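What follows are structure tokens for two forms of the same protein chain, given separately as structure 1 and structure 2.
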Structure 1
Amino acid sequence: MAITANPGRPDRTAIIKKGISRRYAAERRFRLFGIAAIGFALAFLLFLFGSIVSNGYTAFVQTSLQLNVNLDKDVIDPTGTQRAQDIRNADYTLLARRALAAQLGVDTSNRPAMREIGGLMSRDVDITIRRLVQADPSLIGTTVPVWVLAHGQVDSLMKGQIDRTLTASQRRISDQQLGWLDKAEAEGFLSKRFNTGLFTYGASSSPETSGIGVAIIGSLFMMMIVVTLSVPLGVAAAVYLEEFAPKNLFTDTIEVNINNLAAVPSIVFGLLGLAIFINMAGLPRSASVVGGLVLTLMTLPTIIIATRAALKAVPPSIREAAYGVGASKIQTITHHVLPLAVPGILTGTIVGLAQALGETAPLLMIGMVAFVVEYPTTPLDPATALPVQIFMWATSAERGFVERTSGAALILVFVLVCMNLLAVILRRRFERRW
């Protein structure tokens, strides 16, 4: 029945239409706020990635010099016996300077010019040539082409990070060196090459010889410990709490504490690890084993919660069917419930491991900010981790460390994205709809 207007009384139809219009307007505003929030978040995400990529992509190339080094026998092996000590202690930097001076047409007796030539090359040029000679001593007395790293300031100049129009005092490269670099680039023995050292070098005070090799090994050791300890312990604890534990005050208290531990700031786990594993147990500082144990404590609540949720998601009819054919409780869980819950367990485990891999704060508390040059061979050796290496580079004053900070962040983000993609793929691959 149509609602008619009644003179002297408010028009009910108009009031209803006005109310409906207000609700529709509120819904539109709500959607707009949601879209604006998503757009705001995406804008910040794009800005973050854009900033990291724009600062970090240059870290994957490094300026190098190709030198024709004369491996002078009088410098490397003056006794002619090829003794290991003579080869190890030879002045390879002198040979590199002579080679570069010859290619630039500079008189090697001009000592000021030779000092400036030495400033164009990295300080580890002697290590590069020494390893070449140690690998093949028969090269002594011959002239061989060797790629060596350019100095960090030269690398920054070649990448456009240093303004060439500045005065020599402001750019830390003299006009004479600038002319030599232009000549070397024009003649083809100065160029930018893929920076393998970024993945293989350890810690260094020079940006051109710094890399994440030690951090990668340290992170691998830590993740091996986390996977070995947290997955079986977390799954076992979740199965017991979900399937076997009686419902009483004690188990309720445990469940509440597990849920609370999942939300505790990660630095608290670092303090716990410092007190228990280092101060009480006497484990070495800066060791991967301590970092792995701390990250295990941090990851356990996440795995337990994810596993319990996956077990709950298995329909009761599966259990009832198993009991109906005479299966025991252990058989029901191990043969039917647990296999069906594996996709959810895997997803939660991978997400927990990804979170552990990106953690920095707890590792700072246990001293994994050490300056480690050599590769660790065991989890007890000093090491660092990838996020901690990024933190250390971010606090360095040298210009070259800026690009390395962003480059390492790109690598870490790539690894985390791959792990999360793996979790999504596994979930979709094994997911079952009931």
Structure 2
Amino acid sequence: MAITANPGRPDRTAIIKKGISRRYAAERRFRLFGIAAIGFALAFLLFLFGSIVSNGYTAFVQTSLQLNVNLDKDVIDPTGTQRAQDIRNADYTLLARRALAAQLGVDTSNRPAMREIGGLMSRDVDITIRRLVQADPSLIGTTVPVWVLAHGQVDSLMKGQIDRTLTASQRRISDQQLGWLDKAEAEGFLSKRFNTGLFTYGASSSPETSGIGVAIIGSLFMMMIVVTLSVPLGVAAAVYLEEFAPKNLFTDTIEVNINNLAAVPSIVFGLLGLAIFINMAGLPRSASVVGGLVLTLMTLPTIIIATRAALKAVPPSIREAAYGVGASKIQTITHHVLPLAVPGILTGTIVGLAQALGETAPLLMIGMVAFVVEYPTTPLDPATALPVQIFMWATSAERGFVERTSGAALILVFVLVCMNLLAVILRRRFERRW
């Protein structure tokens, strides 16, 4: 070969050959780095999901006790008049304790034991029984089987979150209670059942009776407001900017603004909502209407940017054909361009809504961290939102809340992943090459 034939020079082929293996090694290394990066991200994703699922799946079942409650007439309605007020104020906790004591074979006159028996049941056990009686007063005097919630500590113990081998003072369940629980489980009136309360209850100080019901309603109200406001406004703004706007200082300002707004920290939107909607306009604190408005302002830029991209993708030939048959500019857009852009707009809207649904920080600013027990009936009532409920539970100390926090997070992530998946499917399905 020509290169090796020159004796005055070093052997280039050898150098190149030597270099090649080094260069190929570098090539492989670089490739490996890339795979490692993706692997790291995916491993973290798995770690995250694994942690939430392993912490949270137990929240979907709840330990309950089946009591054969004797709805004693002397306790509920001693006068026999069936007055609504008597029925409301009767001591149902006592009835529940007596029922459990009877099933465990404990003497009801033993007061310390009765107190410990009471500690096995949820503090709201009376409400469950009272509702039953209020719904059907003819039950008074009979014995009915009722499923009631066990106390949060009992629930934690049954799910293995409390170590049985600890001393009684450390696990907050006495040896006697432990014995009763084992007996109850063996006899089949203590078991884990699907936790419907997680989806229906509001805020509560005891973990077993707290749920995301109020938060779901609040989130729904807010999403309704966001959809009805941000979609028409966002699409209208995008149509103007993309189809009509002349290139001048005003439209340039709007354009820069929208890009900036998409990157403004969400908490700043919360401050805006606090200053304008609550302090200035006098809307109530903690109300989902304020949350909805704030989230609308946050979602607008996302929708505008997505809609503009979708409009841009519609080829000019469509427009020209419409103009050719005498359509006005607005007719062209409403009859031809917008319908063709709908899949793109929809994809962007779903992504924007998913962001809004998962947003927490701005809602903290407008007081949606309130302790709301009752269901809101209008968007002006105090409410909370799903991510805020997670935040509130995450910062409360009681053990039983840990699994609820992760359980609620699991539900939220599930909903959001579904929404994002829908967006991806829509994009794939309606992707059109012109």
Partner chain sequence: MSTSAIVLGLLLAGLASYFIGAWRARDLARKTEEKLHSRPGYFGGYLAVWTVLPALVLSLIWGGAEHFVVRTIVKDNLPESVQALSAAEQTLVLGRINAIARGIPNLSDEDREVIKKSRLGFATADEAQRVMQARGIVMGSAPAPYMISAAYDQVSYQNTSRWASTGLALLLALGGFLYAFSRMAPKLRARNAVESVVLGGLVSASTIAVLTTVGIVFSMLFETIHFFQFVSPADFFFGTVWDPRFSAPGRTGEGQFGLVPLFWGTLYISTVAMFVAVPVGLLAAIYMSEYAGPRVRTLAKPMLEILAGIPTIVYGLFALITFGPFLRDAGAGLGLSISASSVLTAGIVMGVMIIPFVSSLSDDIINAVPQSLRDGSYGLGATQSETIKRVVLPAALPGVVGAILLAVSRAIGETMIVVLAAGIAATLTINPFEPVTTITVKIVSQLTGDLEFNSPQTLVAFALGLTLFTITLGLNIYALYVVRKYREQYE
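Treat the numbers as computed from the prediction; the structure is a model and nothing was measured. In this text, the rigid core denotes the largest set of C-alpha atoms whose superposition between the two forms falls within 1.5 Å. Each residue is numbered by where it sits in the sequence of structure 1, with counting from 1.
Quiz prompt | Assignment: the form predicted together with the partner chain | solution = Only structure 2 fits here, because that chain is the form predicted together with the partner chain.
Quiz item: Does the C-alpha of F414 move 2 Å or more between structures 1 and 2 once the rigid core is lined up?
Solution: False for F414: its C-alpha shift is below 2 Å.
Exercise. Return yes or no for F47: a CA shift of at least 2 Å between structures 1 and 2, with the rigid core superposed?
Key: Superposed on the core, F47 moves its C-alpha less than 2 Å between structures 1 and 2.
Quiz prompt | Whole-degree rotation of one rigid part against the other between structures 1 and 2 | solution = Value: 6 degrees, smaller part relative to larger.
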